[in-house]
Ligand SMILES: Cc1cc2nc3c(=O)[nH]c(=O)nc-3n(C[C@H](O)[C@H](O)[C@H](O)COP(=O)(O)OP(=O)(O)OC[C@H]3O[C@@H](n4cnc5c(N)ncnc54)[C@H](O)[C@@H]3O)c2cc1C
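Single chain ahead, written as structure tokens, the form predicted alone.
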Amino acid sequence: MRILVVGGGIAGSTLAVALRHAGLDPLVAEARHSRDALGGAFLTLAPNGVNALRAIGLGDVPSAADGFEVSGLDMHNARGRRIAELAGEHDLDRYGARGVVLRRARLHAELTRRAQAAGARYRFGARLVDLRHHAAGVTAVFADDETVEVDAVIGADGIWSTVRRLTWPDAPRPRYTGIVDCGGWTTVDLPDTSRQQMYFGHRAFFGYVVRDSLAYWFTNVPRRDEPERTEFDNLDHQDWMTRIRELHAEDPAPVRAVLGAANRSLGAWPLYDLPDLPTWHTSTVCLVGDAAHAVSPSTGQGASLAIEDAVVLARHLGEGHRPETAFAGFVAERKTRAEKIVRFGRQIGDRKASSAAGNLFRDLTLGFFLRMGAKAAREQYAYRVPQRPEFPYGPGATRA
């Protein structure tokens, strides 16, 4: 089967490894010009994401990408009082893994290296512009006028998916949430934190975790009007950090300490919500990861769901079915779980808005909400990719 994976990020590169394990020979088309060009700051890979990597022999990837373990959350109000907690000290016993904080670029580069080592072919600088469907399959057309003939196209190209737009021109578009995310890491004089520390600040939400005197931090900047797609491409870091410090000027000391030490944000990224799609596949095209179900960063599940998608889809394709049958089985297995987590992420995002009356109500009710969240987290973390003997070939082997 000739398979084109559009997008070589976390979902696409994990899928490439899993497909090679299934004895298939994918071609990965990545618009960026190298495997090290991925942006972003950092992410948390949840226990279910770690276990999904283990299912395809990539359990050592988080440590190889210099990740560190963290479990649980402490939630604070604008005065610094802890108003709720989500314990995670027993995650290893309960789920077989702990969450891991990783720099996004390092995780992406490590997954790409593993995919290439397994024999997956990559074309960098390959920007898809058209998909032409015909009786023999699909012709993928790229911006440099190169074409590729394939039997199946998998869109792993993110929330602004070109594959989704070309296949379903009338599909819902991403909706701006009114929040711009930013963050990075900086050396600080603060103790290590075993849990992530979250603050509902006076004017913006802030989070951080410290390991070996290095703070990984983020903040959600409220902004009513939607930024232009390229507005933050050349960020004035001094001006931006001045604005961020002003937003948090009245917030608790740890927040001010982290921002006082930080001299830049790695970028600024408007957050979008993708409405539920009626379908994720046709007879020859399938979506995975954020292209199918963009998840709020508030869930800590975006990368984990993408990795799960990749492992499950490779299993269905590796069973030897026609693409349409494999895609239908994949969607039947994944859509309900993913969309439930997306809905939960929207609920969390709604609680980050700040107002005097709203903050008081949130402080009073957050414990109850987090108890519900703890139940949801247990369901999310406990998930294991169903294992069957569908990966008999091993990386580097191609099924005849």
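Predicted, not measured: the structure shown is a model, and the values here were computed from it. Start at 1 and count along the sequence shown; that's the residue number.
The following text describes the form predicted in complex with the named molecule, which does not appear among the structures shown.
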item	value
Interface segment, criterion being heavy atoms within 4.5 Å of the named molecule in the predicted bound form, picked from 264 to 272, 240 to 248, 144 to 152, 321 to 329	264 to 272
Selected contact from 162, 77, 282, 186, since only one has a non-hydrogen atom within 4.5 angstroms of the named molecule in the predicted bound form	162
Close approach of residue 29 to the named molecule in the predicted bound form, 4.5 Å, heavy atom	yes
4.5 angstroms heavy atom contact with the named molecule in the predicted bound form for residue 314	no
Residue 110 within 4.5 Å of the named molecule in the predicted bound form, heavy atoms	no
Contact test in the predicted bound form: residue 157 vs the named molecule, heavy atoms, 4.5 Å	yes
Contact test, all of 44, 181 and 297, partner the named molecule in the predicted bound form, heavy atom 4.5 Å	yes
In the predicted bound form: members of 1 to 30 within 4.5 Å of the named molecule, any heavy atom	6, 7, 8, 9, 10, 11, 12, 29, 30
